[in-house]
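Starting off, we have a lone chain in the form predicted on its own, written out as structure tokens.
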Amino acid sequence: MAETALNDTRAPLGITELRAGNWRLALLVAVIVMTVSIIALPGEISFWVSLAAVLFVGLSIVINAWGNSPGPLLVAPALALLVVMNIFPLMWSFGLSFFKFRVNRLAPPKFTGLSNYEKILTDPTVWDRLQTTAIVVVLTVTTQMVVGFLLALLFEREFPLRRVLLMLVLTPMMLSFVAVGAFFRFYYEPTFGLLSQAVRVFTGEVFILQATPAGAMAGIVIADAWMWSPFVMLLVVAGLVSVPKYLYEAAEIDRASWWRKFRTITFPYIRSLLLLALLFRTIEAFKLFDIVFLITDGGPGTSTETIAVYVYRLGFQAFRTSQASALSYILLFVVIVLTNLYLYFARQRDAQV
């Protein structure tokens, strides 16, 4: 009898069964209520009705888990925090991208369909900022990959003071974006900055790195590469130390050149880690905002204004909230495409092996 009762307790509830833990029925009711409220009620009322429906579904799930398997309730607070802090803002901003809404006005959102996406994709300013972003991504990621790889070759071997130098090299990666941006802003400052003072020794004139678009771009690339080249170095070092020593010993016996040992032994071990570093740094460079905003503020003019800075200006300075949300989700789509390209190439490499 006890086993039968236990089986009855764990049996799934039918969708039409009126019980407190029937989350399927609660979900169906919530979807119907939310749909009707969005269509028939004003925006400020439908919001609270929809929120109440979501809370009703969450309560029914908790009641169902409490009676059947209380284990998942242990992670319920973390999941609730994730929903409140991440998932709900994402869904809310995604919904706003289909409405006409400005956060500095009291007018309720007005549904406009895909018009915000159409405006964004036909705006020449957006394409200009995307072009600037692409230049920044190519320059900074290339610099980080080259510098990080050279540092990895250096720190792969043991030498005096290796640990001390390694800690100093890793320090920039541990700093905040604000600290790095402020440091390089003062470093590039024309009146008392170290760079200007060093150039003045040879030219006798004040040096303004950010006076030209090329100089401002170089300042951003140097700052970002200084901060994140150690990250690439760590990944490459992890691959280098995993190479079996006997392979190098066999190559020495065969009198293989350095380039041949690198191409046939070293590179196959670090290739996947290089691709991983390339993916991470490309995604982060594509979203680069803090350093650009703090060092150049997009100047001179708009020559270094990346797409992330433009989203900030669109949403928090021009208060075109809905268009800023639409542009943000276009950028999210680009990041997803980049990630899937990496996974595709990784699978192709595994298939060849």
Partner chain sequence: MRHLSISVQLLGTAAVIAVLGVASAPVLAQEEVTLRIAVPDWPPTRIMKQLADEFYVAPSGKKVTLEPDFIPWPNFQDRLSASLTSGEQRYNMAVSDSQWLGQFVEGGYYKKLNDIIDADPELQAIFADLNPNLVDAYSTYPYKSDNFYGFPQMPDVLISYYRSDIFCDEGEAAAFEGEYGYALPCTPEDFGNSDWEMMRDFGEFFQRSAGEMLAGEELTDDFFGIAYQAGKGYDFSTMQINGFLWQNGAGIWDETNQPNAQTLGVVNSPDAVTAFEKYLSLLEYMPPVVKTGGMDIFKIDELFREGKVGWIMQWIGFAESAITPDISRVADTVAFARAPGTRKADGSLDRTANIGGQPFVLTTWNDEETEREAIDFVKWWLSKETQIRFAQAGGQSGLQSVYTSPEYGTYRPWNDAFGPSLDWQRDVWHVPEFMELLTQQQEEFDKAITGQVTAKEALDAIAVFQDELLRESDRIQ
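A quick note: this is a predicted structure, and the numbers were derived from the prediction, not measured. Positions refer to the first chain, counted from 1.
Omitted from view is the form predicted in complex with its partner chain, to which the following refers.
The partner is absent here, but in the model of the complex a heavy atom of 318, alone among 55, 40, 45, 318, sits within 4.5 Å of its partner chain. This chain is displayed alone, yet in the model of the complex one of 229, 140, 116, 210 has a heavy atom within 4.5 Å of its partner chain; that residue is 210. Interface residue remark: residue 171 is not counted as part of the site for its partner chain in the model of the complex, having no heavy atom within 4.5 Å. For residue 189, a non-hydrogen atom is located within 4.5 Å of its partner chain in the model of the complex, even though that partner is not displayed.
The shortest heavy atom separation between residue 281 and its partner chain in the model of the complex exceeds 4.5 Å.
Among heavy atoms of residue 261, none comes within 4.5 Å of its partner chain in the model of the complex. Screening 22 to 30, 301 to 309, 47 to 55, 324 to 332 for residues having heavy atoms within 4.5 Å of its partner chain in the model of the complex returns a single hit, 301 to 309. In the model of the complex, its partner chain lies within 4.5 angstroms of at least one heavy atom of each of the following residues of 94 to 117: 102, 103, 104, 105, 106, in sequence order.
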